[in-house]
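This document starts with two versions of one protein chain, written out as structure tokens and named structure 1 and structure 2.
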Structure 1
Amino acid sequence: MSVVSTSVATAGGEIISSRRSAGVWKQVAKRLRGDALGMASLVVVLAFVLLSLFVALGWVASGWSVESAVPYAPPDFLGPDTSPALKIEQPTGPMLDLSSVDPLAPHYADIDKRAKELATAAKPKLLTLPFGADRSGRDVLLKAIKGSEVSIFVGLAAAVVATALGTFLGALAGFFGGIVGDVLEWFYNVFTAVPGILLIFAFAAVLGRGIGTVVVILGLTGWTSVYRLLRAEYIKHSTREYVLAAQAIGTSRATRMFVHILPNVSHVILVQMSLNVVFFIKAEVILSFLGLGVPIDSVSWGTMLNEAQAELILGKWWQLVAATVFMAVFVTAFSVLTDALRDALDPKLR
């Protein structure tokens, strides 16, 4: 026998994998590495995701709800608010002596003594914060960071749910056709007949607020676009000759659907999932803005924008800017990454 059989026989598994030539994903990674803009956006996205992870573990921004500053404290670079409106005029003149009519008068000495024993050091409220404070004196920067954890988590989780659901149903509909396809098409038509926002509202009305609920709502309403695409892809691939060949050698239907065809449509799934992430983040922001998203004890870019609406008229712009900038940077980076991924997947892989 020839050289190869020797290497196969002697080295078994090791040699096999190390001699494998560049598959699809290796080539994609190589092309991506050559795309400067794509790599930059990848770094930004990873930074955000890492940040969110730290927030979730409690290492960062755990004190976001602490009211550490005066209300509407300006950002550090602006300096403390010295406008006269915050100063309250102290009345001048001697204090009246009401001890003759005051029922508590004899006890004041006692109360003062007790108060001194139990005195807690009240932390003085800060006059400025790195990027300002909101109406309750909470740090805007910490809120934005915490908000990114919420929004990114919701975006990713909902995208995974919607994509998984859409892929599975699309595969079934595209591969089998017939009755199964018709039933799923009917299902799809029902879900798309109701305008998306209305469906989300209806689900929200019924299921209430909460991060988990938002993920469920967005996932259950967002599967339709993935379904449409995957169904078309599966219809296209099911009649391709490599699938017929797989049938000819005797593979089962499940094998054909998920071992043969799925890897060939994985790039479509990936791109669609990325698009969904962006869409779901924006949707979550809107839902939270309207009070249908995160619970009251949590913060999201959406709740920040809600507060910012009233603040703008008062001339307090920092919460609006913080939420907008954080969101814009992440979403732009993610969109650019998606475009770069699309380009890297493009040549000769369709």
Structure 2
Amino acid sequence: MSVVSTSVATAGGEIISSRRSAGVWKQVAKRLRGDALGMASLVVVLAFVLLSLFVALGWVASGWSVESAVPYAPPDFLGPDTSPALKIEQPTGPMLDLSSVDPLAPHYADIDKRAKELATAAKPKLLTLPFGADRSGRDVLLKAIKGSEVSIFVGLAAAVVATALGTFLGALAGFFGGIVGDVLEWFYNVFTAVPGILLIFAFAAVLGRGIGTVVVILGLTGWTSVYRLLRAEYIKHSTREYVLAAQAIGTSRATRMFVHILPNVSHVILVQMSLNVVFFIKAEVILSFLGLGVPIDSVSWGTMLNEAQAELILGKWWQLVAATVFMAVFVTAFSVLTDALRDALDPKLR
């Protein structure tokens, strides 16, 4: 354990040296800085979070829905699509006179001429894009960046909801025990008796689609792992000397639970929340892939994968690769960061 030395001069000129231990979080930060892989993953995670913030503010990827290219425009390194276009044969033979049944028929020629003039004046569609285009001509790279905002927000927000709920219920069950603990244990067993992914699907079918709905669904179904660990931690800490001393001087139960014990189990909460972020991002992707996640007017990595399954039949693979690469890089970096954080918070290494 690292210590900090200080020297104090008394009135008689005598120098007294004192040594005090460095704070727990300072030790954690020092060990984390010593982990090169953990610090690299932290940089990647922070870059994604900042990117998502810029997207939310409209500074980046604001034109993700603009159809700026031709449908299925390939990536730049593949060059323009040179496959022959489908030609529509023009009808031959005498044209029917429709003026007797359609009074607008004489004006159709002028309408077609005006439409051609507008099409000529419009900005030409791009033939290639850095990561290609989807079936509507939207930039796949901008969609992947916009999708990172939705997926990361869902993962972080749902992890906060699940962690807060699991911490509160775990604290109640572990600190009070008795009938309160029995009721919460029954509640916990009901949720864990059903496979997690099926429970998520059940809530999604009832509550419908939407970003906020997905956050609520994942938060309500993902609190059990935090609850189980926090209940055990509170059972252990509620009989420690510092808690009994606080009780002896008359502190309230709420103070002992959330002022004395909670800071000493914060490392468990932090690690579990990090694990939940990764799990909830994967769950959001699955929900959106199955059509139960974010609405159709938005985009996430899951909706991109949903669209990509139809595009693969046509040999258009770039949207699948873009969504997969973005998701894999963030999830891998966050998982490595969680492992590094767990090692840094391990009390055996202090």
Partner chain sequence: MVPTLIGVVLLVFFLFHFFGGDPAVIIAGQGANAKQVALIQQQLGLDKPWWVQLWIFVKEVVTLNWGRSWATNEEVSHIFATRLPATLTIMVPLTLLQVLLALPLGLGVAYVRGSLTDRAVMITTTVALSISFLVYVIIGQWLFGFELGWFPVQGWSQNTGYNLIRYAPLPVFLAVCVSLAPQTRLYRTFFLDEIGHDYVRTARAKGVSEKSVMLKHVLRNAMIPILTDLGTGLPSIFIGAFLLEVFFSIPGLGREVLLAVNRSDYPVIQAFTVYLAVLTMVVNLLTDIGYKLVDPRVVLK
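For residue numbers, the reference is structure 1: its sequence is counted from 1. What you are looking at is a predicted structure, and each value in this text was computed from that prediction instead of being measured. Between two forms, the rigid core is the largest collection of C-alphas that superpose within 1.5 Å.
**Student:** Which one here is the form predicted together with its partner chain?
**Tutor:** Structure 1, not 2.
**Student:** Tell me whether residue 178 is among the residues that move between structures 1 and 2 (Cα shift of 2 angstroms or more, core superposed).
**Tutor:** After core superposition, the C-alpha of residue 178 moves less than 2 Å between structures 1 and 2.
**Student:** Can you read me the CA shift for residue 248 between structures 1 and 2, rigid core superposed, in Å?
**Tutor:** The alpha-carbon displacement, core-superposed, is 2.5 Å.
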